[in-house]
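Okay, here we've got a single chain as structure tokens, the form predicted alone, with questions on binding and movement later.
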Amino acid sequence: MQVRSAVIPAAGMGTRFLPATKAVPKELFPIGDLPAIQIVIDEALGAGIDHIVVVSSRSKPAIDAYFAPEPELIEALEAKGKTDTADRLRSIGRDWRVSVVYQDNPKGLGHAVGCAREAVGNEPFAVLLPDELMSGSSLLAQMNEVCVSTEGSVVAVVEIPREKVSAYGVIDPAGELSADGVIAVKDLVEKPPIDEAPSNYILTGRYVLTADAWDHIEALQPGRGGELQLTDALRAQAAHAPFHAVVANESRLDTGTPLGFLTASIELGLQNPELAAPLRAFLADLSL
């Protein structure tokens, strides 16, 4: 068993970013000189995944255009001596493959992931929510290893103050936290009241699921908000098979709001060798 595919749900309307998302998908907004979705893809590639499945909408043709080859543009760049930029464009899909599938009738995250079933096939797969950016690939790589070793699904979690848990999905642990940050899970609870929360470990946007998840996703019934909730499928898995959580060991940036996107852009800009010095100087001037 090997985790080779990653599903990236990207069919949302991006209503918090209107009117910009009326024309440009939020997943293509640049952070520095990279589209946000490419940062998530690079995370997956760094964890050994070589097949990216993007769940998009037919109302977002720019997603398809981003992955489409552009030999004339590459040729024009090379003619101008911009070989580095040309090679970056050429590298999109060069050592990995991409499949774009469509969620024509949005019914929730569970439904979005289910749209990728045919593209992924009957094998384990990762799910990466593009609103959440990780600082590297180590968390996903560890989750892949836990999935393979336990032959069960794995979710990423972060620990937060208990008074905030009612806004998130929470795991119900079946054991103690191991030295390498792994916890056995017996159940998951969506947005529990504070006094009923089984832990203060909340789900974050990374999942590695075994192939039997497809059947649980297909069997979903409308849950909270009338949507097909991925968490309900995970609960069904946890009730019948090994299921674990891995505590995130790297920093996480939430780009789901305009403020979050702005702060993520600044933080990642400060980590970029080409942008860090001038950006730091600009921020220092602002503080005068």
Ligand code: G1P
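A quick note: this is a predicted structure, and the numbers were derived from the prediction, not measured. Position 1 is the first residue in the sequence shown; the rest follow in order.
From this point on, the text means the form predicted together with this ligand, which you will not see here.
Heavy atom of each of L109, L203 and T231 within 4.5 Å of this ligand in the predicted bound form: The answer is yes: all three residues contact the partner (heavy atom, 4.5 Å cut-off).
Which of 243 to 251, 223 to 231, 44 to 52, 24 to 32 lines the interface with this ligand in the predicted bound form (heavy atom within 4.5 Å): Stretch 223 to 231 is the one.
Contact flag, F125 vs this ligand in the predicted bound form, heavy atom cut 4.5 Å: Although this ligand is absent here, F125 would stay clear of it in the predicted bound form, with no heavy atoms inside 4.5 Å.
Contact label in the predicted bound form: E190 to this ligand, heavy atom within 4.5 Å: Flag for E190 set to yes.
In the predicted bound form, W214 touching this ligand (heavy atom, 4.5 Å): No - in the predicted bound form, heavy atoms of W214 and this ligand never come within 4.5 Å of each other.
Contact flag, G114 vs this ligand in the predicted bound form, heavy atom cut 4.5 Å: Heavy-atom contact with this ligand at 4.5 Å: absent for G114.
Contacting member of L129, I183, L77, A197, with respect to this ligand in the predicted bound form [4.5 Å, heavy atom]: Selected option: L129.
Contacts with this ligand in the predicted bound form, stretch 7 to 34 (heavy atom within 4.5 Å): If the 4.5 Å heavy-atom criterion is applied to this ligand in the predicted bound form, 7 to 34 yields nothing.
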